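Only one chain comes next, encoded as structure tokens, the form predicted alone.
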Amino acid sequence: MATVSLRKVVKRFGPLTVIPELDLEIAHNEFVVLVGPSGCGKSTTLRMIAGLEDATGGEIRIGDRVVNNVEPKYRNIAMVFQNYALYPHMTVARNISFGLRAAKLPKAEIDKKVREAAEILGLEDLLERRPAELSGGQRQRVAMGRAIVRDPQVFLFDEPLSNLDAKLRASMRVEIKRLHQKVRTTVIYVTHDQVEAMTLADRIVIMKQGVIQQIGSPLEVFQKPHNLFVATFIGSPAMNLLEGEIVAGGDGPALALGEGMVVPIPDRPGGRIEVGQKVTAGLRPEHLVADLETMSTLPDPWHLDATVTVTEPLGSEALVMLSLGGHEVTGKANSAAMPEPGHPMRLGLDLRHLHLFDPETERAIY
């Protein structure tokens, strides 16, 4: 079983502690994405699993082996880097087979593995080309093929799509997802792009300053962020945040947002809130709706008046930046009925998706 287990793993560079203590369990055949801003420790964690960095403390297991003192080539892993690292003078076939030839496998076995990898990745017609004759996406597929032929227990991807343009990144995400479906093995993937994380992962591990902030499915971390960092990092555009205070409403607690704006708080299980408590309220742009057609589909939407400041057409819909009681917020509207900046607009708030956070601890409380 190609499980990966990190138990109380610590990494220091001299006096600097970049990962204070990390615990993570990854199941066999699971696709786990480590995501976070630059410097959060995600690539360092991946490199410790690969053996390219030594852990200062703790235990790393791949399958049933502790691999802390095992050299990378004996860990039965394959790594795909941001840099394709292809040999320019070799054909695609020889690049893919390089590790197998170094291991002195029989030629017939090497040819069989190369053909199988090429078929999986759609490289059959490119095997005699050299890297200079390939597109960026094709080169990345060659690098993936070199990993596949090793038949590893674990695939490690370190920001493999960062050098590609937006269109090619989208198509390569599909390729990687398809690869995991065909070659069922454990995948650990590092990226700073939350769109990659959301589209690829079975589970997402969100990191900040070497500490795991939340682990969960893409839907779980999007709908139920544990803290403000997760709430604003996951989702594009980012969640709207407004400072407010809990007040007594007619049918229960309500949220005062300043300048006379008071909205009800839906009755649902969650953290305890009290009248007079300061909170940070969060609503994603898709739950702050700025067109009447969509607003009519919301169950009991709460309406507020705002002023349009900036519009960003995105095709069938548009992002609308609005001034709302002294707050700058982002909503969504139908492009066909997009208002001009400076015009008033009625907003519908889908309060089923209201998030409340403690402004001091930044933890979710509701």
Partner chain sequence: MTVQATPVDAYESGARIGLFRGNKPIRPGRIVMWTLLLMGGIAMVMPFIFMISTSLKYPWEIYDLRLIPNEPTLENYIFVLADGRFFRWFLNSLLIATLTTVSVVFFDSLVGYVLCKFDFRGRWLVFIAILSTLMIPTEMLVIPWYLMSQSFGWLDTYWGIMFPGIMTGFGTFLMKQFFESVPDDFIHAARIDGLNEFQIWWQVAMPLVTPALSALAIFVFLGNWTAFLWPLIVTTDTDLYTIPVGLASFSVEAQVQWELIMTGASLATIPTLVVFLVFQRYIIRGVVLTGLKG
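Here, rigid core means the biggest group of C-alpha atoms that superpose within 1.5 Å across both forms. Bear in mind the structure is a predicted one, so any value in this text is a computation, not a measurement. Numbering follows the first chain given and starts at 1.
Only in words, not in the display: the form predicted in complex with the partner chain, which the text now covers.
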Self-check item: Contact test, all of Arg115, Arg173 and His180, partner the partner chain in the predicted bound form, heavy atom 4.5 Å
Solution: no
If you check in the predicted bound form, is Pro253 within 4.5 Å of the partner chain, heavy atoms only? no
Contact test in the predicted bound form: Leu52 vs the partner chain, heavy atoms, 4.5 Å = yes
Could you tell me if Phe229 has a non-hydrogen atom within 4.5 Å of the partner chain in the predicted bound form? no
Can you tell me whether Leu241 touches the partner chain? I mean in the predicted bound form, with a 4.5 angstroms heavy atom cut-off.
no
Exactly one listed stretch (218-226, 203-211, 75-83, 117-125) reaches within 4.5 angstroms of the partner chain in the predicted bound form by non-hydrogen atoms, and it is 75-83
Picking from Gly99, Pro266, Gly258, Gly137, the single residue whose non-hydrogen atoms come within 4.5 angstroms of the partner chain in the predicted bound form is Gly99
Among Arg129, Arg169, Arg150, His192, just one has a heavy atom within 4.5 Å of the partner chain in the predicted bound form, namely Arg150
Taking the partner chain in the predicted bound form and a 4.5 Å non-hydrogen atom cutoff, the residues of 140-174 making contact are Arg146, Arg150, Asn163
Checking Val92 here: with the core superposed, does its CA move 2 Å or more between the shown form and the other one?
yes
